[in-house]
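Considered here are two forms of the same protein chain, supplied as C-alpha cells in two stand-alone entries, structure 1 and structure 2.
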Structure 1
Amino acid sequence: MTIADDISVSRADRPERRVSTLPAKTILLGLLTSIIVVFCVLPFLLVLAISFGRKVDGAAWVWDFTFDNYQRFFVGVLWPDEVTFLYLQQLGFSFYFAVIASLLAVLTALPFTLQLTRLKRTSQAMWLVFIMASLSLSEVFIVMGWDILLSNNSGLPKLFKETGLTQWLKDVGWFQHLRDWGLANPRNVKFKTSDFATILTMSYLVWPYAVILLYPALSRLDPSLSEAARTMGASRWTVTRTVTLPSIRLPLFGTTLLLFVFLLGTYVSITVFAAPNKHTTAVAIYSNIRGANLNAPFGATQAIMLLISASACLYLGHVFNRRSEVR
C-alpha cells in the first residue's frame, strides 16, 4: 500500500463531523433569526401596518389599507379644501433642533477631544471613564437638572437678577437684544421656553457621545502631519484648517450624522424646553399614540416618516463618505 492510499484510507475512516454538527448549527441559526424577527423586525412591521390603519371618530382605530394618514402628513387633514404643512413643519423642527444641537455638540467636543488626546495616557483614561460614566444618566435626569438650572424662579435668571447682571444688561442696552431673541421678558432674562435652552440641553445630552466617537480618530491622528505643516510656514489656525480638519473630516461627519439621527427622536428636552409651536415629530407621535388624540395610525405614519427621513440622511451620509474616499 502506498502512502497516498494510506492517507485516503485514513480519511475515509474519519467520522464526518460536519454532518453531525449541521443540525445544531441550523437550530442555533434559526433561533437567532427568530429572536431578531420577533424583537426587531416584527415591531417595525406592526408600526408599518398600523400606519395604514384608520382612526374611527370617537373610538379607537381599525386595521385597514389606506394612504389617508400619509396624505394627511404631507398636505394636512383639510386637503383638498385646504393645504396645511403642520406635520411637515414638525418634521422640520425635528431637523432644525437635531442639526444645530449635533453640530454644537461636535464643534465643542472637537477641541476638547483634541486636547484630551494630548494628555498623558492615565489622564486620558480618567477623563474617558468620567465621560462614559455620564452616559449612565438618563435623559429625564439630565433634563430635570437643566430645568432647575434654567427655571425662572430658582435658576440662572434668578442669579442674573440677584447679582445685578440683568440690570447691567439693561444699562448697556444688550437686554433688548435678548428680548429680540426670545431670551428675556420685560423684567428679567428667561430661558424657558426657548430654542436656546432646547438646543443647549440636546447638545449636552449627546456631548459625551461626540467625545467618545471622535476620540479614536483624533488619537490616531499623526502629530507629524501638523508639525510638517508648521515647518512649512503654517500658523496654528492654518494647520487646523488645512491639515487637522480635512484629515478627520470623515469621522467628524460620521459623528455629526450619528448624533443628528439620535437627536431626531429626542422627546423630553423638546417637551420641557421648546415652545409648543415648535414641538417636533417625536412629541407629536407620542401625543397621537399615547396622548389625547388616540390616533395610533397617524402616530405610526409619523414614526415611519421620521424613520424614512433618518434613513435618507444616513444614506446621503454614506454616499458622501464613499465619494470622499474615492477622492
Structure 2
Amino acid sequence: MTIADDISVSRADRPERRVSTLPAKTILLGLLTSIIVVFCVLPFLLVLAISFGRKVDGAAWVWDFTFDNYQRFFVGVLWPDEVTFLYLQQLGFSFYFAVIASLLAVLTALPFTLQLTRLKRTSQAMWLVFIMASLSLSEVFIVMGWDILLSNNSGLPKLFKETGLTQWLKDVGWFQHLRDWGLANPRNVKFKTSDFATILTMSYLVWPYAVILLYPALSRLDPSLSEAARTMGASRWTVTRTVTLPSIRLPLFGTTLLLFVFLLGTYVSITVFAAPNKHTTAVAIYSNIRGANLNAPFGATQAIMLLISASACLYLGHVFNRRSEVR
C-alpha cells in the first residue's frame, strides 16, 4: 500500500464536515422582521415614550414618566378647576370629516366602478391606468387645485356672480338657505371655509383608492344574476339592493373602513378648507410638534390617541366582518 493509499483511507475514515447554512427563507424572514421592527415598532415605541415626557416652560421638553398629557387630552389643561373637552372635540371632528368623506367616496365610486366593469377590456385597462396615474398627485397639489376652483375671487363663486346665478338664487329664495348652511355671505356664495369644501376635497383624495379597491369584487360579479332578476320584473334599484350590494357587502365595508382610517390623518385639506374651530387632531399634532406650540410630549399623546382610535375602528370592523361571515 502506497502513501497515497494511506492518505485516501485516512480521509475516508474521517467524518465529513457539513457546512451548516441557513435556508434562504429564514434569512428573508429575519430581514423582513428587522425592517418591521426598525421602521414600525421602534418609531411607535419612541412616540409612546415621548408622550410621557414633560414640557418645560420657556424651553423644550425633558424625558419623564407622567400621565399629565393624557389627563390634559381628556379633561383639558385647567383641570380640576375647569373641565374642557377641546382635544376630544378635535378627535370628534376627525371622525366627522373622515366618516362622511369616506362614505361619499365609496357611494360615488360604486356606480362608476360597476359601469367600468361592463366596458371592454381595453377600455377598462385605459381607465385603470388613468386612475392609478392620478394617485401620483400629492395632497398638496390636489388641494391647491381645489383651492383655486373654490376661491371667492377666481373660482366658482365668481362664476356664479358673473353669470347671474347668484342673483337667481336670491330671487327664488334659495340664497338664504345657503347662508344658513355657511355656503354664502351677504353678497355671494362662498365655499371657503366650509364643511362642504372640506368633505368634497377629502373624498376626492381617496376616490381613486375606492375605485381600485372595489374593482376586483365588482369584476367578479356574475351578470347573469342581475339579468335574471331584471327578467323577472325587478327594477334597477331592486336589483342593486337585493343582488349587487349583498354580493359585495364585505368588500364595500372594508373599503369604507380603510378610507376612513386613511382620512383620519388628513392635514392639508383641513388647514385650507375647514374653519379654525373645526380643526382635527392631525392639525393639532403638527401644531404641537412643529408649529407654534412646540409641545412634543402632548403632540405625541395626541398621536397615540389617534392611533388607538384608528386601531379600535379596525378591530370593530374585523369583528363585524367575522359576524357577517358566520351569518
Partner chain sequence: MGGLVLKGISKSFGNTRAVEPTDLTFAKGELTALLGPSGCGKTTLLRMIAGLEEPTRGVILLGDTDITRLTAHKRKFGMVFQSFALFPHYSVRENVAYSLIIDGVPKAQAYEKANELLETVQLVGFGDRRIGELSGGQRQRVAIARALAQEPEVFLLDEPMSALDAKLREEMQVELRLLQQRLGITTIVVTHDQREAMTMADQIVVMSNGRVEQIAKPQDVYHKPANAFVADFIGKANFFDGVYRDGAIQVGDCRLKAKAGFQSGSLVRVAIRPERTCIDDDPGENRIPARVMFVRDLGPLREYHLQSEIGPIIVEYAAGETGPSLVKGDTTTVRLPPDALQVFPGARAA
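For numbering, take structure 1's sequence and count from 1. Source: prediction; values computed, not measured. Rigid core (definition): largest C-alpha set, two forms, superposition within 1.5 Å.
Between the two isolated copies of the chain, the form predicted on its own corresponds to structure 2. In the core-superposed comparison between structures 1 and 2, the C-alpha atom of Pro276 has shifted by less than 2 angstroms. Shown in the overlay between structures 1 and 2, fitted on the rigid core, is a CA shift at Ile35 of 2 Å or greater.
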